[in-house]
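Take a look at this one chain, the form predicted on its own, written out in structure tokens.
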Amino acid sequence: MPKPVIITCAVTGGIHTPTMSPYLPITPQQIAQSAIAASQAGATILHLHARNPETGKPDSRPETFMQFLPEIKANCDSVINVSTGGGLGMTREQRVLAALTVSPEMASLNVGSMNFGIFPMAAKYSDWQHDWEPEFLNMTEDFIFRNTFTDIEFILKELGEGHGTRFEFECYDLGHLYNLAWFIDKGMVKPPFFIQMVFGILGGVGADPDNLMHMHTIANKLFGDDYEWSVLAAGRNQMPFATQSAGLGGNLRVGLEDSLYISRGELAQSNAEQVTKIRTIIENLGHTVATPEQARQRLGLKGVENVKF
């Protein structure tokens, strides 16, 4: 029998801007409510960013995270995963500060530098809620999302070894799998580990099913039985790729960070709506959804009692 499917829900992210959807969680209260509802709908893991409650701009301050993390923890048992991706253009220290402060069970960790082009989205809108939005999108035409070997090692040591936090290793291209393998060979990453394969970001691997199959094949060669794998695809490819991953015995990620839509041309009104849709698909395929406790066991997490929020 296949393992129960781990559903990660990325609640708000740092990519989409307030103009793009009235349903994007912005304030701490909105993020908490949306995360709790996603958990109730079946999300095993909650992948969390923070935003400035006044402008919706990505916010790395620990005090902003602390306005919603305790509420989420008190009202659901999903694994809380704090992003170290932050917002595009933040320094390494800014991106990791919240996770170092709150010592979560899980954190995301990008394992390779890349062009990260979200500038094409700027052409789709003209009436912006905030001045920062088009500037933020357009700057990515001449931008490198930095995740050097030194950056990765810093986070592995400070957050992994220092806090016992485990990682959602985000791999946007084939070479990122080999970067991760290098750290494993150095003994800095020990099994079990969780790999999130990311498709459809301009600058990373394209959202082609053949790419999914190839990355899965290479990951199996590199990591054998030591890893859990998951798939996310940006935009309109979100649900098809999530479904394909579930069908192959993998895990998956949905959420308004990755797509603002529930179907063609229809905005999702909540994260819970996306979780409910993919959960229905999973169960119709004859699979079950993993509970948070099952995920904690499979991913070797330290337990919610050992976080600092």
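This is a predicted model, so every value here is computed, not measured. The numbering used is simple: start at 1 and walk along the sequence shown.
Below: the form predicted in complex with a small molecule, not depicted.
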query: Sole residue of 238, 78, 84, 165 within 4.5 Å of the small molecule in the model of the complex, by heavy atom; finding: 84
query: Interface residue in the model of the complex among 211, 108, 230, 140, criterion: non-hydrogen atom within 4.5 angstroms of the small molecule; finding: 108
query: The small molecule contact at residue 295 in the model of the complex, heavy atom, 4.5 Å; finding: no
query: Heavy atom of residue 198 within 4.5 Å of the small molecule in the model of the complex; finding: yes
query: Proximity of residue 15 to the small molecule in the model of the complex, heavy atoms at 4.5 Å; finding: yes
query: Exercise: residue 172 in contact with the small molecule in the model of the complex, heavy atom 4.5 Å; finding: yes
query: The small molecule in the model of the complex: contacting segment from 242 to 250, 266 to 274, 60 to 68, 46 to 54, heavy atom within 4.5 Å; finding: 46 to 54
